[in-house]
Structure formats: C-alpha cells, structure tokens
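Take a look at this one chain, the form predicted alone, written out in structure tokens.
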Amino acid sequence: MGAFLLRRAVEAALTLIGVAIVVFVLVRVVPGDPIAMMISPGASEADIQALRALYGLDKSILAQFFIWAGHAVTGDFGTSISLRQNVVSLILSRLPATLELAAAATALAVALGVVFAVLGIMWSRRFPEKIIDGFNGVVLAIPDFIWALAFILLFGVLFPLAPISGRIDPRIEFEFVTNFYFVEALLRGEIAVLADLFAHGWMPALALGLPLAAIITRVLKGSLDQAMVEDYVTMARVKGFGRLRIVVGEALQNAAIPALTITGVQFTFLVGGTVLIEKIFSYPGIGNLAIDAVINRDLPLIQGLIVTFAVIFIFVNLSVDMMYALLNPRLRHG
C-alpha cells in the first residue's frame, strides 16, 4: 500500500507540472492581447509598455514561466488583469460555491442512481425495467446544459416555482463567516437560509447530476445483475429472504464498488461541467469566473483556475484510487 501511494503521489506531481507547462504556453500563443482590453483608447505607447512590464508580459515565454512558477509554488498566482484582485483570493471566494454545487449534484445522482438501479433489478425482465432503461438512455443522450435550459423554461418561466439565477436571495439578512453557505447555515440551524439556498440550488444541481445518475444506474444495475447469481444470494433465497432484502441487504454492498469508483472519477468531470451550468444560472462559482476570465483573456486568472481544476482532479482521482485499494482485497493485500 505504501509503494502504491508513493507511486500515485509522484504521478500526481508530474501531472500537475505538465498541466502547468501546457496551460502556460497555450494561453500565451492564442491570438489576442490582454493589455489591449485594459487600456483606454487614448493611452500612450509608454503607458502600454509600463502595463506590460507590470504583468511581466514584456519578457520571453520561458522567462515568464519561471517567474510565474517561482511565485506559484509559494501560493502566489499573481493579480487578475480584468478584476485587479489577487487570483488566489478570487478563486478561494468562489471555490466553495462550486464545491457545494458539485457535492449536491453528486448526492442527487447517487440517490437517483441507486433507486433506479434497485428498481430495475426488482423488476428484472419485466416491462417497468424497459421503462427505466429507456429513460436512462434518454438522460444519457441529453447534455447537462440542455437540462438546465429545460428546467429554466419549465420551472422558471412556464411554472415559476423557483429562482433561476444566483446562489442566495440578496435580501436575506444573514452574515456568513465562510463562503460555504450551505454547510454554515446547516451547522448554525438557519432553516430559512437553508430553504433559500435549496430553492436557488436544486435546479443547477439536478441539471448537473442527471447525466451522472444515468451512468451510476447503468453501472450499478449491471453489477447487481451479476451479483444476483452469486452463491451468497442463492443462500439468501434458500433462507427465505424477500427479493428486496436480497437486493438491498445482500447484493448491493458487493455490487457498489464499481459504481463507487465511477462516481469518484465522474465527480472530477462534474466539477468541470459546472462551467456552463454556473453561467446559465448566474451561479457565482469558479466555473462562471472561468468563462469571464477567458472572455477577458485574463492570463493570471486563467492559469490559476486551470491549476485549481487540475489539483481537484488529481486529488479526487487519488482519493478514489486509495478507496478502491482499501475496498478491493486483492489490491489491499497485493
């Protein structure tokens, strides 16, 4: 186990370095001048050059990279060109919103995936199973941003049941200590605040989580189908256990490992998928911030955001590998 963790840690470090190099080069070779978007029409050439020097854009790409990397290892990603704020502070102020949204979407996806997988096995080889499989295929075929637009049209316009933008009603008088609004409101027992956060968050969370729910349903249902022919399930039938108890109490635990692994891997894509969802719902997370950074060609902010996404991806994948190694006896004792 120790050698496995060491190897994965080295691979993670090398991956992060590779991502930093590729991103740094790519954002500097694409067309467009970020300084041109900052200056006023009457700015002199001297003003332009002074601004370039301020952001280090007057040096070669290689020199810029080593300067940026030297600061980045200390946690300094520079200052946003468009927002004129510290990049790390900007990211840390928006990251909790994205993590809460991704966590809510994952929780919804797991709940829906488990329910539909269990129902599919309960009604195996009967007509309701075909309905579940058909609905699952439809959900897989529709991207998350289409679900988002459909929810806005249905629940925000035709039947206005919930707000379609923002994270919380600005009229709510509640002083947050951290940016983890939902966690803080839950710990402090603020029911009204929780209700408003839920009202603002359930549509983006559901739009983001539905495709993942379909994946979990398909993987878990396949694993359960295989588990239902195992010896321990046969023994449970001999003992007179009901089908629901066999599926949930006996088969589900052993069938959950592949679904757990795919959920962890898909969580990283879920965080990346918040970019469009946050923009559609005007949700103040790092996904929305990333689109604004690209539009404004804000190089320091783009670099900081992509490195942040890469760290999340690497951390989650490493955690999934560790969890799988602990749950799988062959890897645990290998």
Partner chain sequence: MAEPAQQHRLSAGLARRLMGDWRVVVGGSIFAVLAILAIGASLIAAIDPLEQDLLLELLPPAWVDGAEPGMLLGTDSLGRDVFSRLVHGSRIALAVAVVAGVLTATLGTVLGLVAGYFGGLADSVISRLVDIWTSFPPVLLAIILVALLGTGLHSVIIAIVVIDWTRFCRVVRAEVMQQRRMDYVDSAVTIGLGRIAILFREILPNILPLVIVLLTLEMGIAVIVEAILSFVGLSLSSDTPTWGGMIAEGRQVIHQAWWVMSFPLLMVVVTVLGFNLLGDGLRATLDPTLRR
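Numbering follows the first chain given and starts at 1. Model, not experiment: these values are computed from the prediction.
FYI, the form predicted together with the partner chain isn't displayed, but the following is about it.
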For this session: Indicate whether the candidate residues Val88, Arg94 and Leu289 are all in contact with the partner chain in the model of the complex, with contact defined as any heavy atom within 4.5 Å.
Result: no
Problem set entry | Contact residue in the model of the complex, chosen from Val139, Leu197, Ile152, Val110 - any heavy atom within 4.5 Å of the partner chain | Ile152
Problem set entry | Single option in Gly156, Gly78, Pro211, Gly264 placed near the partner chain in the model of the complex, where near means a heavy atom within 4.5 Å | Gly156
Exercise. Is there a heavy atom of Pro143 lying 4.5 Å or less from a heavy atom of the partner chain in the model of the complex?
Worked result: yes
Exercise. Does at least one non-hydrogen atom of Ser165 fall within 4.5 angstroms of the partner chain in the model of the complex?
Worked result: yes
For this session: Report whether the minimum heavy atom distance between Phe309 and the partner chain in the model of the complex is within 4.5 Å.
Result: yes
For this session: Mark Ile295 yes when one of its heavy atoms lies within 4.5 Å of a heavy atom of the partner chain in the model of the complex, and no otherwise.
Result: yes
Problem set entry | Interface stretch in the model of the complex with the partner chain - options 200-208, 101-109, 156-164, 184-192, non-hydrogen atom within 4.5 Å | 156-164
For this session: Quick one: name the residues from 251-273 with any non-hydrogen atom within 4.5 angstroms of the partner chain in the model of the complex.
Result: Thr268, Phe269, Gly272
